[in-house]
Structures are given as C-alpha cells and as structure tokens.
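Below you'll find only one chain, the form predicted alone, shown as structure tokens.
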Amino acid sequence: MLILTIETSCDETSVAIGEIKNGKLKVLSHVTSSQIKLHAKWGGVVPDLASREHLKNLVPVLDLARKEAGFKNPEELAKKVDLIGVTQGPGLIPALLLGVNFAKSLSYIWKKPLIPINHMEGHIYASFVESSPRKLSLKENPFPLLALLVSGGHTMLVFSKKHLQYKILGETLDDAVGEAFDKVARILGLPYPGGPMLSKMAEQGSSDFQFSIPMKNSPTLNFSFSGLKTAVLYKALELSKNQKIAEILDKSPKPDLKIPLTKKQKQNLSKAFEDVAVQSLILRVRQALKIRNFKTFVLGGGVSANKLLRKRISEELAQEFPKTNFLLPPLDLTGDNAAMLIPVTYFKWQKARKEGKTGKYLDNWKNLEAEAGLEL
C-alpha cells in the first residue's frame, strides 16, 4: 500500500510518501519546507504569510517528494498512490486551508480516498515511523499506551488502549510548555525561534537559584506554566535592577521589554527555567505511569526535541519503569511533518475497511473542511 500525506498546520509545508508491506512502514520520501527565516523578523508566525508560502511551496514540495520516492512523473505517482492523508487540524486556519484544499484537489483528480488526520494524533504516531531505540511494526500491539504531547500549542498526557482511541488524562491549564519556552525567550531578549535558542543558552548556564515546580503537589495530571513564566520575568527584573513590574504592565499590548541582562544572566535564567519546566513534565509522566502498567510510552511534538527532556525520559524514567517500552521520535520527526501522518492514515483506512465504511473517504473531497480547533 502506498500512502501520500500532506501537512500544513502552521509554518511547515511537508509531504511524505510511504509504503506499507506486511505491517512494516518504509518512508520512500519526506520533504519539508521551513518558513523560519520568513517569520523571524516578526518574532513569530504570521498566519497570512504562512498561507502564502504554502501556496507557493505545495506543488514544488510534492514534486520533490515524488522524485525522491523514485517515480518518473506525476502520472506514475497518481497511478500508484492508494491513499491520501492530510492534516485537518488543529492549527492556523489560513495554513490548514491550503493543505486541505490541495489534498482535496488531488483526491478528486486522482480518484483516491482522502483521510483527515488530527495533527496531535500524528505526533503520537511519529514513533511508529522511526523511533529510538527501535522501529515499531504496525502489526505490534503497543497498548496500553501513554503519550506525552508537548508543543507550542499543546501540552497533554494521552492514554490509548487501542489504535485511534484517545483519552486525555491531563493538559495545561494555561500556557503550553512550548509557548512558555517562547515567551520566556522573549523576556530574555532571545531571537526567534525562541524555544530552541533558550535551550542552547541553558546548556551554558549554571544558576545558583531555583524556581518552584508548578502544581507540584496537585493530585491531578494537569500542567501549568504561566506562573513559571511570570517568576522568570520577576527574576530577570531583579537581576537587571532596571525596571519595576508596574512599568512593564503599563505598556500594552506587547511591550518591548528590553531588560538589560548580561549573557551569563541569560544563560542562568534559561537553565533555571528549563530545569523546572522539564521537571514539571517528568513529574506528571511519573504520576501517570504509576496509575497502571503501560506497555508503551511515546513522546511527541516540537518540544520533544529538547535534549534535557529526552535525556531524563530515556535514562531516569526508563530505569524507574523497566517494563514500559519508552520510544522517542527522531529529531526530524519532532516538529510538524507529513511522515508522522502515514501510520494514522493507514490505521484509519484499515478501521474503515473492517467496518465497511470506506465510502466516506472516497468522496471526502466533497465534504472535508479544515478545523482550526479540532480536538483529539
């Protein structure tokens, strides 16, 4: 079975082609065009600019993916493809519309089934494409499964007892952890993309102070990062001894902080923040793992590229829970990408076949709509 997938939920235009034989997935090609340089001067993603770039990039990216997969021309690819999968949401609606409408056009012209994918379930299945320490077979039974999804828009713990069935055990009550990384980076005056830059600064930090772990004693599995972000702001002002919080709050809606900090102070603040943010994630994962005997744990989302988080999961938690198989996606599958959609597309089609409902995907080019707030 040959599957083509398309991802445009934010600022990455991504297309992947995968082949599934005997329960094993082989990615034939995976091409992603990033827009980081375009949005850097704005300090964040501008939705309308992102959609324009998707419009320019979708055909070239698809054509490059087709060539890398070994197909001589578009006609050959159209003939061989069995399924098309596309991110329906959540994400930026201008960006999602481009990918969904592009996929609908291909589905109509090629006469192929079109399967909508939730962006977050894609992150759950990223480790089914390729993971550390090993690749999963699509025929394996990894359940019960616990997933920690960490990105700029989401932070949640998800329980799954079978394919395509999800229960959210806990989620953030305010900022997502990736959003907190970016906001703290802005407080420190670090360039876009803030989160990765903060982690690089943290590697050189050696703070002699600590922030409190948010909701440390909460019996729930929910997260909170807004208070931690504010604590960093107060500490930065204290170290700079240049501004008072009242002066900051009087400026709106997004004041240019310009807190005068030395490079060492920025490194130390980055380290102190990252340490506690990761501790907070590890604390909740540990609580969840104690609820039941999970066979598999997977990590997913943009923040899953964080070195400290990956280290603590693969070393600390893996040793503490030896009966659980801990899987981390490779770095190139931590961000938004189309390859992670391939397993989900496959499982959704298999489920529809079993239930005799494949017809709903055959005419999906007529009905499918992008959903910015799509829930898992």
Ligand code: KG4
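Remember, it's a predicted structure, so these values are computed and weren't measured experimentally. Heads up: residue numbers just count along the shown sequence, starting at 1.
From this point on, the text means the form predicted together with the named molecule, which you will not see here.
Although the partner is absent from this view, His119 contacts the named molecule in the model of the complex, with a non-hydrogen atom inside 4.5 angstroms. Residue contact with the named molecule in the model of the complex: Gly335 places a heavy atom within 4.5 Å of it. The closest heavy atom approach of Ser199 to the named molecule in the model of the complex falls within 4.5 Å. The named molecule in the model of the complex comes within 4.5 Å of no heavy atom belonging to Pro94. Contact with the named molecule in the model of the complex, defined as any heavy atom within 4.5 Å, is confined among 102-110, 296-304, 156-164, 80-88 to 296-304. Residues from 144-176 that approach the named molecule in the model of the complex with a non-hydrogen atom closer than or equal to 4.5 Å are Ser151, Gly152, Gly153, in the order they occur in the chain.
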